[in-house]
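Single chain ahead, by itself, as structure tokens, in the form predicted alone.
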Amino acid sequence: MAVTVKTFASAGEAAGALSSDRSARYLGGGTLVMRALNEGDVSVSTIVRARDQALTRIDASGPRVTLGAGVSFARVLAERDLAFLHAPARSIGGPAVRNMGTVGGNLFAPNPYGDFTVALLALDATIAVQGSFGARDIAIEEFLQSRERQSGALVLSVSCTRPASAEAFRYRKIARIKPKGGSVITLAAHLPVSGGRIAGARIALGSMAPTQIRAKGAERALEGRSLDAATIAAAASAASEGTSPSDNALGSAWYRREIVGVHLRRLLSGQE
């Protein structure tokens, strides 16, 4: 089947093309769309591209960082001001994938991928999208819950909280093949501290549900407490609450439930 490629000067035009054609897919870095085409996905008949420079813009000057949806992981790694995102970006594939893969595309990556999105979920990200409804900002949790319905909209950018310190944000990916393998489990924790106690804890998990999710039981165990051994143990015990992992070649659902608390304890304790 022939595939038509349409290239537009602006993101708005590209968004219009996506919303008017259910068989259209946006091509950013191509690590997801081109794989689907190469594997014979006949649901895609139109590829939409945009040359809009706003899609590759980075604003790291304030308390919230904004990344254009077309920013690659190699770009993230090259930015000193984005040091807190280097570990998540470095965990994405090998150099070739990091050169092409984009922040916006990772939002749609299925399990066992989408590791960067785990970090964004922990950092309370907001997704700017444009579609037939116009342009709007969506909280990342809402976006992920309706991800399958976002195919007719174009992601413009992602903004997230800048952690107050290096210790406030932690990230870990558990993989069989390091560093580029698919995730057995991915964990990220944002632990703001006020007066020596955690205020606004966010723990995010990858490969523990159909999409990335927050470990709300673990968050409740941390909230308002100091990060001591007892608090960490309570959070680890609650880590699997509300999860629904699946079986795949990297690990069973049972295995994931068994180890998520172990790795959350290590993450919170600063253990390698």
Partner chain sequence: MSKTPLQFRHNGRDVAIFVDGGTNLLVALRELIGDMTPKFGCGQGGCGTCSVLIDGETHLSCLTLAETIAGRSIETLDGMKQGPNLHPLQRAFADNFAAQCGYCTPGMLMAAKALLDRNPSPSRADVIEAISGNICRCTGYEPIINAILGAAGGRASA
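This structure is a prediction, so every number in the text was calculated from the model and none was measured. Residue numbers count along the first chain shown, from 1.
As for the form predicted in complex with its partner chain, it is not shown, yet the points below apply to it.
Could you tell me which of 160-168, 90-98, 137-145, 115-123 sits within 4.5 Å of its partner chain in the predicted complex, going by non-hydrogen atoms?
Result for this chain: 90-98.
Using heavy atoms and a 4.5 Å limit, would one call Met34 a contact residue for its partner chain in the predicted complex?
Yes, Met34 lies within 4.5 Å of its partner chain in the predicted complex.
I'd like to know if Gly242 sits close to its partner chain in the predicted complex, meaning any non-hydrogen atom pair within 4.5 angstroms.
Flag for Gly242 set to no.
Even though its partner chain is not shown here, does His86 get within 4.5 Å of it in the predicted complex, heavy atoms only?
Looking in the predicted complex, residue contacts with its partner chain do not include His86, since no heavy atom lies within 4.5 Å.
How about Thr4: is it within 4.5 Å of its partner chain in the predicted complex, going by heavy atoms?
Heavy-atom contact with its partner chain at 4.5 Å: present for Thr4.
Can you confirm whether Gly30, Asn38 and Ile47, the three residues that make up this candidate site, all sit within 4.5 Å of its partner chain in the predicted complex, judged by heavy atoms?
The answer is yes: all three residues contact the partner (heavy atom, 4.5 Å cut-off).
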